[in-house]
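Heads up, the chain below is alone and in the form predicted alone; it's given as structure tokens.
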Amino acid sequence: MVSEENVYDAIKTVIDPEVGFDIYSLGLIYGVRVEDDHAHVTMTLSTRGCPLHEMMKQWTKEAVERIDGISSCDVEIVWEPAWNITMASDEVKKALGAI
């Protein structure tokens, strides 16, 4: 059975090309739920005007659907809570000069 941790590991392979960090470390992932062979990912983007909106959503979906035991994944983009740099990992904050 696929665990939420398996899904998070797959998500960590998705890199935001604008900053070069994975979307999990950026704090863009708000939640993961696995039900049988289906995964649901709740995430946000750093801005509503992100030009990569659809691509980030698709890359996340594709990364999760590559997991053995997952046949489908839907990705929900939410705007609350609004993303800010404090949601990123310490490594990302340090690299971006936020700490």
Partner chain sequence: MAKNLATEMAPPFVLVAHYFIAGAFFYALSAFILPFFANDISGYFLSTSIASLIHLYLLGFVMMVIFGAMYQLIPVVLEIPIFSKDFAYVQFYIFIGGIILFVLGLFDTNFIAMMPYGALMMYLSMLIFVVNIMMTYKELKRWDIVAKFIFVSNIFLFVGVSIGLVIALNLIYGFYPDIENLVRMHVGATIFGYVLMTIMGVGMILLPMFSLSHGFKQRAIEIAFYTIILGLVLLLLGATLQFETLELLGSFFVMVSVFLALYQMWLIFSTRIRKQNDFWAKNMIASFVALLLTFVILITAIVTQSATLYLAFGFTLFFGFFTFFIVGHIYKILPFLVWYQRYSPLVGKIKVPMLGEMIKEKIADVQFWVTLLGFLVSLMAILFSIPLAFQIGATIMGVGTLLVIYNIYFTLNYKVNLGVQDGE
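These numbers were taken from a predicted model, which means no experiment stands behind them. Numbering follows the first chain given and starts at 1.
Absent from the display: the form predicted in complex with the partner chain. The rest refers to it.
Undergrad: Check for me whether the partner chain, as it appears in the model of the complex, comes within 4.5 angstroms of all of 42, 72 and 76 - heavy atoms only.
TA: So, no: the whole triplet misses the partner chain.
Undergrad: Might residue 38 be said to contact the partner chain in the model of the complex, defining contact as any heavy atom within 4.5 Å?
TA: Residue 38: no, not in contact with the partner chain in the model of the complex.
Undergrad: Heavy atom to heavy atom, is residue 65 within 4.5 Å of the partner chain in the model of the complex?
TA: No, residue 65 is distant from the partner.
Undergrad: According to a 4.5 angstroms non-hydrogen atom cut-off, is residue 59 in contact with the partner chain in the model of the complex?
TA: Looking in the model of the complex, residue contacts with the partner chain include residue 59, since a heavy atom lies within 4.5 Å.
Undergrad: Please tell me whether any heavy atom belonging to residue 50 falls inside 4.5 Å of a heavy atom of the partner chain, as the geometry stands in the model of the complex.
TA: Close contact exists here: in the model of the complex, residue 50 approaches the partner chain to within 4.5 Å, heavy atoms only.
Undergrad: What residues, if any, in 4 to 32 have a non-hydrogen atom within 4.5 angstroms of the partner chain in the model of the complex?
TA: 15, 16, 17, 18, 19, 20 sit within 4.5 Å of the partner.
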